[in-house]
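In the block that follows, a single chain appears as structure tokens, in the form predicted on its own.
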């Protein structure tokens, strides 16, 4: 393989980290990357972000989430399933109702995004 030409400003740091192989070896495992992708997917829709924030403030049943968003039950069920797949929300059965609430990860994500959600460009 041909030598890669890199700027001097990053060469020393890169070499100190073991080069590209050192960086590649330090990356999270594919399973961890997959979990991060599920969280990112769950947060990629404004409705799901609103639902996560709402559930952070108050556990709710689907009927309340539908009333809050104006979405159909079927669409809300889809959004909740994506949030569940991402590990951000879970539900408990209370009679005929499923009460949704954030997981510990969902609470941490809601807190983090409330604090850091602003444009931060270089």
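Numbering follows the first chain given and starts at 1. Only a predicted model underlies this, so the values are computations on that prediction, with no experimental measurement involved.
Below: the form predicted together with another copy of the chain, not depicted.
Although the partner is absent here, residue 44 is a contact residue: one of its heavy atoms lies within 4.5 angstroms of another copy of the chain in the predicted complex.
The closest heavy atom approach of residue 97 to another copy of the chain in the predicted complex falls within 4.5 Å. Although the partner is absent here, residue 78 lies well away from another copy of the chain in the predicted complex, with no heavy atom inside 4.5 Å. In the predicted complex, another copy of the chain sits within 4.5 Å of a heavy atom belonging to residue 37.
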